[in-house]
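One chain comes next, on its own, written out as structure tokens in the form predicted alone.
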Amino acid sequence: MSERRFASLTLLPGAAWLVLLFLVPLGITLAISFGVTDELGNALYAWHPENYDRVFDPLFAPVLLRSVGYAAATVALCLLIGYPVAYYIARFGGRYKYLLVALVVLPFLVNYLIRVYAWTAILSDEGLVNGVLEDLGLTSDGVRFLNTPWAVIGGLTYGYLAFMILPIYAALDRMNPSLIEAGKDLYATGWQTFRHVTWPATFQGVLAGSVLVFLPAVGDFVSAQLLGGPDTYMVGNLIQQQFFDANNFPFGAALTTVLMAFLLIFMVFYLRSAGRAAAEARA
């Protein structure tokens, strides 16, 4: 058996898995998105494209924009926090490098829902943070953390921070340290060396981390539901409400389809950028 044929055969289980558990459900969702509901709330297949008109209704547009804004803010915070962490581990971790990477990943082995519930207890009106502030005499009435955009963005940042750190760390770890030394030899300042050497060399890692953070964050609903309120709900919460509360499966499916189309465009942009970078590296 040739190597190419053997490789093709090993792809069959994974391809079948993706077809059954991704493409088939996606096709069903797309079909339902054009459907209607009967008197009992059951979804019926039909041709009703008006479901997509409702997606862009002014009533729901703020939720879509809020989701993109929260996800973009999460990417920015993850980058600000994650890049220095990844840089320190890659450049100064030494023999403890892999231990530090393991410590970054370790909290994310705990279920996401449990971690968000923990933040709910920490940030509640009678939680740990307010207790410490009151003990220090900084406040007497407590500070409202929950049900605010900052709590939701903070929860998203905590939830997906490792997805930013790991790609950047991988890019920094692959970079030849002599490039930084060459910049110093040319009398460049630390900022100049970073801007002209380190950042371009690790930009693909930053872009990969941004994609890995943005894609799940924009569709997240747990952080907004537990750490926020009705004024901070995201598109994931809206989709959940349409499926489980309103029993409006066609509109929920239309929302899901539009969200996935938006994420697909974002993913295509990343793949094209990565492809150009790979072509330049080969050249």
Partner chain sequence: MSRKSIEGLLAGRMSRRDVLKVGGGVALGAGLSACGLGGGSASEADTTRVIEPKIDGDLVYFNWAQYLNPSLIKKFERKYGVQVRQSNFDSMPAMMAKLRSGNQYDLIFPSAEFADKLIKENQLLEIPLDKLPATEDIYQFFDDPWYDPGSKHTVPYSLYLTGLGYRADEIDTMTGSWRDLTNPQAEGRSYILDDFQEGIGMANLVNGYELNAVEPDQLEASKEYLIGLKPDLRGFSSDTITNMSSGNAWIQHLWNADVINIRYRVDDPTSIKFQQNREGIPVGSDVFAIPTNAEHPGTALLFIDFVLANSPKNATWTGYPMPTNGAEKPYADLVKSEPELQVTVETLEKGQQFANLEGTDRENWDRVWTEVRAA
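Positions refer to the first chain, counted from 1. Just so we're clear, the structure is a prediction, and the values are computed from it rather than from any experiment.
Separately, the form predicted together with the partner chain exists; it is not shown, and the next lines address it.
Enquirer: Of 79, 118, 207, 133, which one comes within 4.5 Å of the partner chain in the predicted complex, counting heavy atoms only?
Expert: Selected option: 118.
Enquirer: Any idea which of 83-91, 146-154, 100-108, 208-216 reaches within 4.5 Å of the partner chain in the predicted complex, heavy atoms considered?
Expert: Looking at the partner contacts, the answer comes out as 146-154.
Enquirer: Wondering, does residue 67 line up within 4.5 Å of the partner chain in the predicted complex on heavy atoms?
Expert: Answer no; every heavy atom of residue 67 is more than 4.5 Å from the partner chain in the predicted complex.
Enquirer: Can you check whether residue 53 is within 4.5 Å of the partner chain in the predicted complex, heavy atom basis?
Expert: Result no; residue 53 lies far from the partner chain in the predicted complex.
Enquirer: Taking the partner chain as it sits in the predicted complex, is residue 34 near enough to touch it, meaning that at least one heavy atom pair lies within 4.5 angstroms?
Expert: No.
Enquirer: Going by a heavy atom distance of 4.5 Å, is residue 258 a contact of the partner chain in the predicted complex?
Expert: Looking in the predicted complex, residue contacts with the partner chain do not include residue 258, since no heavy atom lies within 4.5 Å.
Enquirer: Looking at the partner chain in the predicted complex, which residues in 243-269 have at least one heavy atom within 4.5 Å of it?
Expert: 243, 244, 245, 246, 247, 249, in sequence order.
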